[in-house]
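Next up: the same protein chain in two forms, each one alone, written as structure tokens (structure 1, then structure 2).
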Structure 1
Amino acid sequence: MSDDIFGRVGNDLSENAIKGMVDDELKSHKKEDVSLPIIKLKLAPTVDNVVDIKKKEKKEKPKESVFQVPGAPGLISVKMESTVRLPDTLTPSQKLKKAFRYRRYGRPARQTLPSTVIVKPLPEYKKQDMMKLKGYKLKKSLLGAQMVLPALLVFLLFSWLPILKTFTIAFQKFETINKPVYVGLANFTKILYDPKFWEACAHSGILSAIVIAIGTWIPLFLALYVYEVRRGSSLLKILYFIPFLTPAVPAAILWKWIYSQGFGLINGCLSFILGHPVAIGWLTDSKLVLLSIAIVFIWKNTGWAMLIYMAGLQNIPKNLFEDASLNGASVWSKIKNIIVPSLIPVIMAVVFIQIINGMQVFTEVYIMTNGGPEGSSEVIATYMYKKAFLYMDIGYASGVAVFFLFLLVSITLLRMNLSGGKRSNR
């Protein structure tokens, strides 16, 4: 524009010429952008000479705020179209975030509701298929019974069948040669007037009493010892439990040799200590025979009783021992005031188990003494065996077995009633 002005005017730079040229240029560029470059000539500071060029003012857009999204209240109150419909489960803040994302990125807020799943109908089963399916389910449910059936048959054949047969024979006079004759309660009345039976019951009771007096407390003190040992406790448990795993017959033969009056280990050790020969009849003296048998029984059953006591010791809170130690309590006071009261249920269980096992002793007595000397070690089990297989009075022996069974059941019921009464008192 400046080049055109100077080309037309040349050297004639009068004010009127310049003013006319400026007006022409302004009229020609009236429709063009106001931002085109124009040479501003410095004219005289008069009102007539001032050219007023006004620019169009641009409207400033309002500043957008991140926290204020336009149109967001409408999303909450007004229902939108299906393309931008928001679920009702969204909170107002979540709806504002989705509206801001749509405004900024141009992505519609889609529905978050799960689309409907078309469920196809199941195919129809034929009757044959249904029968096969039922048969498969039945086989699957009977699989466990099939696995247990062999063991169950063996148990019934060698355990329950003899018990039921014993009940039937107990009411008969049964001999192997002649046919059994039903005699009713004659075998049971005979038991009441049989002194040998009551003598055997007395021996079984004495044996059980010795087992309870010695076999209840020795495992307890061994359990306390093993419980306090820090190193080698597992080895001690194994050593004390080995006698329980030893078969009864080899153990009885071993102890019969130890108790031998002429060359036994016990008499040999006593002779070496005292300096003169000792010949104590451990199995031939009527006063010592039950004690000798009870010692063998205690030696064999100490392991499992010790493990039961150790399980009970682990259930005692350790803070009781810590408080007792802070108060200066001795070991005996801890045993007397903490351990024994806490283990009373365990002790009662061990006592009743020892009673039942002591009443059922057979192998040790049969191998070591066979009821001798002169019937001083005869127990109920050996008495039944001799009546059945030595004197062939099977009916009476079955009656003794049934009577003995009811005796053991009564002891078990007594144990259950005592434990139930203690729980109710608590």
Structure 2
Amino acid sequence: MSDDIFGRVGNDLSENAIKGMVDDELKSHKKEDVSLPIIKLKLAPTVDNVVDIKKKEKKEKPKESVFQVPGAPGLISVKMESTVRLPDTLTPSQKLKKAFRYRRYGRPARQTLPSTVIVKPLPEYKKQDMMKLKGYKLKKSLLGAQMVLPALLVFLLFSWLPILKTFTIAFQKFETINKPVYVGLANFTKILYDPKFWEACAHSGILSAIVIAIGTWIPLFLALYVYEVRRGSSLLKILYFIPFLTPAVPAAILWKWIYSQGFGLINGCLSFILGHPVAIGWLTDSKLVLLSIAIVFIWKNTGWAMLIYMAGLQNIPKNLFEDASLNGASVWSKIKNIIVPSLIPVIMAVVFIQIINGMQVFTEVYIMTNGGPEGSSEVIATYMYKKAFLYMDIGYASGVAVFFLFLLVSITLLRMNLSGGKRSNR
């Protein structure tokens, strides 16, 4: 199931690009009779089965014919193909489009031929240009090296050296402007026995936990409705989506004001509704503060998660629901037995992305509480920043960074493990 979803959504873009090209093609060659595999039919529920199978076929085909062309043998076979079959009257770009189109939507004749058969009729060509081809291959790989070089340089300077330096500094006593001194594992032992560090870890963990606990189900609940909504679905989508794009700084400032204990919107509304003054310390109560920050997170991410769930919903075969309806299944059992199980890969993606974002939070906490009250919202990132720049202990901060790195890498690896099938397929 998962491959299906990822395959389809993944192809979405390139398919669109291709579709656009095919449209162009159609416009330029109106005489040719080409049918496009876009289905625009309204079908009664009973016929739907048939449609589904058809859809599936179409989905599979491009995958086989286009997207998994083998590397080296394909090189030769393709060469022959495109030189032989394309008419010379076309311009190069039209030729390309045409070649591409044939690949994309296939010719039944080609499909039946195994690729080895195509290579066979070309022995002399191959013999003649063998040397040339070899030189060419080398040239190509050299060019490849050239093209990948800038990226490697950038990554060396701004990813690899820094991470190595993080590790070296972690073994040093380094106070911002003084000369660093090697101290072995001193920083790490200090970290291990530092309750504040563990508190910060716990806070990050709790924050992520709240975000997932609430932020996974609410969007699903919304997505199910918005996907089916008869009117106003794009309005809903946009309303839910705007917070996601709102930059963290204005969002944090805005929420700081909304959460204001004496004069904020929330407490104001509550006092109005309940009729007596309410003063809940959203950001000033050490028990509530993480929840309040998590709410900002959820507010920001709901639209995003909803969008992803809706994409996932598109890939659930509809006939399952028809059967369920015929058997008299209730709304709840449809959700429980069909939707949730088939959405699991998507849900996992949402959960893990939220965990990682939650662990890395800095801006919201820095602006809204700066770690307060009594340190109950200090998270790893703010703790690291303060250690480095307020307490000026860069060695210690790097030690924290190393811990942090291991933590996040293990989360990511866990995620890869859980969705391992998907990875290995690619």
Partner chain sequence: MKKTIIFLAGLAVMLVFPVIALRAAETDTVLTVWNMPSSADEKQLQVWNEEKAAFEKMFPGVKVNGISREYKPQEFVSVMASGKGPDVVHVPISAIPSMAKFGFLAVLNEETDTWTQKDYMPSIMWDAVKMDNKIYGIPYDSYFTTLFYRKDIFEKCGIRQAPQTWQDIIIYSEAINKKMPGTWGMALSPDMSTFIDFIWQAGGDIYARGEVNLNNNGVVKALQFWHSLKWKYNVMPPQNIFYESDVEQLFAAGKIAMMPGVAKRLPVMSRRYGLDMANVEIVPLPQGDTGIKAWHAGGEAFIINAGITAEKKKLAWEYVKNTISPLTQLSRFMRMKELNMIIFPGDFSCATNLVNRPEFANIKGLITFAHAEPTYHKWPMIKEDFNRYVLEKIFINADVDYGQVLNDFMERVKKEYNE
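Numbers given to residues start at 1 and step along the sequence of structure 1. Just so we're on the same page, rigid core means the largest C-alpha set that superposes within 1.5 Å between forms. Keep in mind that what you see is a predicted model, and the values were worked out from it rather than measured.
Enquirer: Only one of the two shown forms is the form predicted in complex with its partner chain, so please name it by number.
Expert: Pick structure 2; the other is not the form predicted in complex with its partner chain.
Enquirer: Once everything's superposed on the core, is A186 shifted 2 Å or more at the Cα between the two structures?
Expert: Yes, the C-alpha moves 2 Å or more.
Enquirer: Rigid core superposed, CA of N315 - does it shift 2 Å or more between the two structures?
Expert: It does not reach a 2 Å shift.
Enquirer: Core-aligned, does F167 move its Cα 2 Å or more between the two structures?
Expert: Yes, the C-alpha moves 2 Å or more.
Enquirer: Mind pulling the C-alpha shift for K140 between the two structures, with the rigid core superposed, in Å?
Expert: Here the C-alpha difference is 12.1 Å.
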